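Here you'll find one protein chain in two forms, each presented separately as structure tokens under the names structure 1 and structure 2.
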Structure 1
Amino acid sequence: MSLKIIICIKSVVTSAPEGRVVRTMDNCILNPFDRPAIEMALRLRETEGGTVTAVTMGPETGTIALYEALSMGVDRAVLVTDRAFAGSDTLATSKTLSAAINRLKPFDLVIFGARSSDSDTGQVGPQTAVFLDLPVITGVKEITRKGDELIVERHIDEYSEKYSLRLPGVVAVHPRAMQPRDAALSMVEKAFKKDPIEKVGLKDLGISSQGLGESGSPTRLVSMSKIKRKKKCEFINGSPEEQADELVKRIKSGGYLS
């Protein structure tokens, strides 16, 4: 039996903003923690057959992540976008994603990356699983098929665990689970020649806006600022002998060596 897989990805900002996040085509990329998750989905499709659908929630900049996923080889791309979703925290995001995933039924497996590089909470995958009322396993390093179930290997701290997962289910992939493939130029061209990315809004999901977006988010980012580093790196010029002499001199003058 082939697998119908949904991979949830995110377009992340490349630098820490000085205030409210403004996403543009110039400052967004595919979340690097999603790349191993996409690779796992593609390998499962290659061994078991089936389809892989990429889903992301956000403004138009989300198409950046979707086109990269298409270039890697996913079959279908869906952008969940609406002004009603703006300002969502992880809980409101999970509510929206769960509604979008339910719209794509039937499916066998929903895959998430471990976390996103621009917020680093790791909450959306497990929270979405709760809204879907599905079992979830995080820290996943390997998945193999055994009949109607999946054997899932999970790495956490210094331990390796194996679980039997009944389908449908949800997994979040360990950042070092596997090396993601590079998109060939031919695949990039093919991605942009595919059918247009599907756009899904609030009306399409058939749900109320209550509990969504900024007004439905019980947490919000109050402020963001860069951490000031006290340590600094300085290069010592000269020949190796001169560098060694200068280094010893500085160590002595600093009182680290008598």
Structure 2
Amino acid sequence: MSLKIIICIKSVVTSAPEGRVVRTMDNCILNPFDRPAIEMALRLRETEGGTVTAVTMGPETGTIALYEALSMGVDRAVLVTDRAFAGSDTLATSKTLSAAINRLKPFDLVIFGARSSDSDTGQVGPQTAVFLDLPVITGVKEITRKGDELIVERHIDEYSEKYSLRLPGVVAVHPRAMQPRDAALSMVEKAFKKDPIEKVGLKDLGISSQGLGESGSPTRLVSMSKIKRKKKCEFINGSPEEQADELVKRIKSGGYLS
């Protein structure tokens, strides 16, 4: 079974000095949560055959994520960009993405990262699935094929669940699902040699701007500021053994060790 896979990725900002987000080529990177998702797509292509197309919605700096995906080995890259999409929240983003994905029909599987490191909602994958009217499974650790269906293993809390997913379908990948590959230098070079990034705007999507961009976004960020955490220093008393036991207990109860 050869799979036509779409992977939705994002360029995220690594720094926002003084609480202001200014995206530049220097401070944008591929969302780290998208790396294991790309890896999963590439491994599926290796075992099942097919193609992987990376899609991102955002301003010009979105190309960073696409070039990184191409460097890892995806076949095709699409930048969905238009002034009409500016200021989108997760709902408007999902709506736009679903239109862009529909334009790539037929496809078998749409893959998302768990969330993005700069806005951290985890909403875009599931919302896009709703707009596409497709089943979605989140927290995905592993995918194997069984006949026409995919067996999808999902990790949630302390449990592992198995689903069988009829295609086409949508998954969001667990952040620790797999170690993403390093980009081989020749792949980076190839990613930039051809001019492979397709740009898609509002017109190409053939939809109206209604419900998109800032005006189509029901949520609005009012302000952003750094949380100031109070540092606390505590001394643990007792014999060295007691101190060690107490320390281990606290590390465990704090959730730092599983």
Partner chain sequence: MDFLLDEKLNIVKRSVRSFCEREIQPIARDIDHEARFPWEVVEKMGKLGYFGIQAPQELGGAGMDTVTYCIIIEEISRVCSGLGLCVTVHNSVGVYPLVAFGNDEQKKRWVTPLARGEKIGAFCLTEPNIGSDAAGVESTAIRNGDHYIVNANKVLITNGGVADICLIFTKTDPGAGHKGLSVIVVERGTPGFEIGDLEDLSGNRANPVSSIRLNDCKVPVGNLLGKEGMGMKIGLAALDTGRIGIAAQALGIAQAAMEEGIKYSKERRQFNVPICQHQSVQNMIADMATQVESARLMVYRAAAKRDRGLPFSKESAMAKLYASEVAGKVTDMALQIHGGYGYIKTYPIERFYRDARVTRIYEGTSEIHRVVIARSILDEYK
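Computed from a predicted structure; not experimentally measured. Just so we're on the same page, rigid core means the largest C-alpha set that superposes within 1.5 Å between forms. Residue positions are counted from 1 along structure 1's sequence.
Here the chain coming from the form predicted in complex with the partner chain is structure 2, while structure 1 comes from the other form.
Once the rigid core is matched between the two structures, the CA atom of residue 235 is found 15.0 Å away.
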